[in-house]
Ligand SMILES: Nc1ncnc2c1ncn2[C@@H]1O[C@H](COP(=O)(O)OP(=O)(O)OP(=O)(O)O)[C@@H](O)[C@H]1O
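Heads up, the chain below is alone and in the form predicted alone; it's given as structure tokens.
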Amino acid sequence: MLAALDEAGLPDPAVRARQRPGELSGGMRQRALIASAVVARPPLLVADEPTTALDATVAARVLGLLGNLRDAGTAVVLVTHDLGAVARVADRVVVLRDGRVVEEGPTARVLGAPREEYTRELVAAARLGEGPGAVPEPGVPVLEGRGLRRVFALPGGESVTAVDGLDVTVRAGEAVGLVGESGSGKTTLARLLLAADTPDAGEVLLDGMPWSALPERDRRALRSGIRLVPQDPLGTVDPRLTVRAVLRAALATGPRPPARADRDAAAAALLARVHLPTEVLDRRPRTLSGGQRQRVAIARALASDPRVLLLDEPVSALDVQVQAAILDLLVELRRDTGVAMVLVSHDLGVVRRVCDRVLVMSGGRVVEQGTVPDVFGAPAHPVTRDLLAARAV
């Protein structure tokens, strides 16, 4: 068992084997699941989006493991929206659309010289573009973390420092990317900034005023200033509610909520802002596509006119075409509203498309930071270089 955990790239496998899933990061849970699938060396392995929640370096190791299993005689069926993973592992590729095969053949030929228009669209969408283009100049700081530290207990009396003396500043209109390997502290830092968790040391300021130090009863009235766009919007809403009810409830929490009679019109305006038709109002989130649900999640977050959006892996579960559309929407919202963004992502291409600055995390610390072109163009730290090299595979 420990050998399988190690083979799947899980650090400290003896410690992780004694932990419960809720005590692991999303990437660690994914690797533990992969280990459970390969430990018996099955003759056929069906890998359904095996690298979705993983950073570039761990994803490269997992794809290397799948490649090794394939070379050793295991048949592998890889289901994924990541064309880079297909290029790394697959001998043949089958392109599906609406339940039908639109193209198939050797991977190099299909990805290198696609014959069908839909395949060409997928390949083009995988190239996310360079930078957000013309966006507002950053203004005054709206969100600041000073000396943040967060420690978690491990089995056996040990502990892990998830965030270690970290400083971060986000200015009005700015988009800051948080990247790093799974377990580097990205999600913990995001939770501290959101005040969903309390730091063991340090403080978070919102608009220059105490945020993390406030009692929740005092913080509740200020929560409209910072909103979360989650990775899984379906898991954050009551499945019984329609989109109309979800957006009406979100509109009621803003600092200047519209009158009840005006909330349907305001909900329709929110959908228009994220390029969804009014008919979506009377549907339930479960009946929407992944891209539509993510747009509803963004609309819900915008309902209170926040100054900061915290986006936690907002496109990791989406296919490349929908990813590109959502990222274009985020850039559009930056230009039109001036909202600041903190984008947590394991995909460096996503950060390059949306963000001005990037913070690279490792071991709970920021090991490199700067503008996206500077950091990605001339990385100074080995962790950054490894992330960029792994993505290029």
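Quick caveat, the model's predicted, so the values are computed rather than measured. A residue's number is simply how far along the shown sequence it sits, counting from 1.
Absent from the display: the form predicted together with this ligand. The rest refers to it.
This chain is displayed without this ligand, yet in the predicted complex the stretch 153-161 from 153-161, 70-78, 104-112, 248-256 comes within 4.5 Å of it by heavy atoms. Shown alone here, residue 181 lies within 4.5 Å of this ligand in the predicted complex, counting heavy atoms only. The closest heavy atom approach of residue 323 to this ligand in the predicted complex falls outside 4.5 Å. At the 4.5 Å threshold, heavy atoms of residue 188 reach this ligand in the predicted complex.
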